[in-house]
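Considered here are two forms of the same protein chain, supplied as structure tokens in two stand-alone entries, structure 1 and structure 2.
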Structure 1
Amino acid sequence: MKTSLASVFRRSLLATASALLLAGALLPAAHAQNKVLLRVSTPAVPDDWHAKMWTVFKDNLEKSAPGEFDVQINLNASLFKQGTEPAAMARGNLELSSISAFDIAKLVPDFSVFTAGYIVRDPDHQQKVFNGPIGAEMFKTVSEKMDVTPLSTIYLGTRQVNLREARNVRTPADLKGVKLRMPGSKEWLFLGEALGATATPLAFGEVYLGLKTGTIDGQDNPLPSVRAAKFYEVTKQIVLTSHLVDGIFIAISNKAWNAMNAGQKARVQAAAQAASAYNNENRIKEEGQLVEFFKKEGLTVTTPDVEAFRKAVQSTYLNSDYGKSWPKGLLERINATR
């Protein structure tokens, strides 16, 4: 059979075209595989700032390194249960989460100083402590003992007591017998007891129903989370105890961190800073406006004898095994940070 030059040319064009088509079809898959996978798990509800901040994180990375990272955000504790994220990260099953001082204190006992009430004064103090030498020392220990690296400090808000039925609360004695929900770990329960209540462990996702049905009498959380999780719909009072200026930390598993090159680390770090700035700015602003909102929703908002709470909580911690284990001078250094 005779083959004309034209038909050879046609055939080779066809071959090239189908090779290109095949490559085109395979390309997205190969591309996705080469992306750095960053799975996020958090119990935060979608409308809370520390949930929305993960979109800021993702967008920031998409801008600084288009197509380089695959950030997968899982809210509402849908991927890992609240409090189990650090173990999941250490095992390499999860790359990112926002972990609490209470999560850290389980493995780094010195960190329990940040679970104690009335230690950190305000959001500014919190940033200065964690972005200064104390934070640097502590985060180094966290990385060594927990196999996760903290990247930025998130202001979760100042925790207040939120009750199902209104009562006259002036001092810790007035919370006697109140079943106050706390997250499920002994460090959290200790804080609830220090406030004078009967601390009851429950995961964040179960609190709304617990308040609605009356299996708990109250819960403590920062006002923006009371709004975002709609706890105000099933409670009647907020007592402004301001007992804990709470912080969480965007942390990455060391497995994921150590696999990154210097440029990737810098971009992830910058994205974590952007997420933190977004959360902190919005949360602080909203926190200042929420008392009015809750009043409009029909809640009673009261201010107790905060000095009485401060004294009781501080002395409970100082006389406890927690307080006794804090390294000499740490509390003084935290207090002296301005």
Structure 2
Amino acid sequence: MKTSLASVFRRSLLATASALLLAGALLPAAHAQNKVLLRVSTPAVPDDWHAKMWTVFKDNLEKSAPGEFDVQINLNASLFKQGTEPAAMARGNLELSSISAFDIAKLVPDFSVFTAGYIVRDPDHQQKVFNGPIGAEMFKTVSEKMDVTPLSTIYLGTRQVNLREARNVRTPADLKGVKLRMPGSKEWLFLGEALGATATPLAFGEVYLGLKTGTIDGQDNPLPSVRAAKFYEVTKQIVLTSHLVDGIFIAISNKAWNAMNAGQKARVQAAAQAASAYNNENRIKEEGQLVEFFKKEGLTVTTPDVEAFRKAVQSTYLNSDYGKSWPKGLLERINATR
């Protein structure tokens, strides 16, 4: 049976149309596959500045490179448990997270200098240290030893002592016998002891009840955390020891970082810097407002002899194994950074 020319033409048109429809359907999927996947894992809760900063990171990348990156933000430690992120990034199972100096010091002993009390003076000093030659050297070592690359430094707040019962605190000797809650690692407990207190490990989620029942006599945290966790409801005093200018670092897995071209790296680095700047500006502003807030809530806010604390704490560290692990001259270089 002969096939008409018109019939052949119709079949050809139908086949061409079907192919075009299929190609159109596959284009979005192919485009999505070509995006650079950046999964973010953080324990931060949605209302915290260092949770909101990840949206700034994502928006910045979308503006500088529309459609090029697929940034997936996972808050509340919903993707990886807090503390496990560095290992996940090293394995290539996670692209981005914020990691602490305490996390880093476990694998890079030189970095323990930034877990010590009274080393970093204030947020401005923190940024100058890590955005200068000291930061470049330290971050290079972190990249080599941990398979993650720090991109920017986030100000978490300046830690203060918060007591269940008010007392006259001028020097570390005045904290003798005080059961001061600290996070459970040996580095944190050492800091608590250096402050003159009896360092007591307790999970963050148990601190409120511990203060209420007297299991602990106090805790240390930046002022925004004291308000967020409502510790002011079960304490009577804040002592402005300012013993640790706390920071974390936006870091990316080396597997993801090394797979990017120079342009992509520059855009990711810029987005990380924008995210940090957003967090830092808002956190510093909030801290400046909180002393008055706590006073209105009925707490006594006092300032001790900070220089006496600084001398005692630094002496304790310098005479310890921690101090002995610091590279020669590093502390002096940090102190000289202006």
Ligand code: KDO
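FYI, numbering is relative to structure 1, first residue = 1. Just so it is clear, the structure is predicted and the values come from calculations on it, not from any experiment. We call the rigid core the largest set of C-alpha positions that still match within 1.5 Å between the two forms.
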Practice item. Mark the structure, either 1 or 2, that is the form predicted in complex with the ligand. Key: 1
Check your understanding: If we fit on the core, is the Cα of residue 217 displaced 2 Å or more between structure 1 and structure 2?
Key -> yes
Review point. Does residue 205 move its CA by 2 angstroms or more between structure 1 and structure 2 when the core is aligned?
Key: yes
Review point. Can a Cα shift of no less than 2 Å be assigned to residue 302 between structure 1 and structure 2, given superposition on the rigid core?
Key: yes
**Study point:** residue 180: CA movement between structure 1 and structure 2 [superposed on rigid core, Å]
**Key:** 4.4
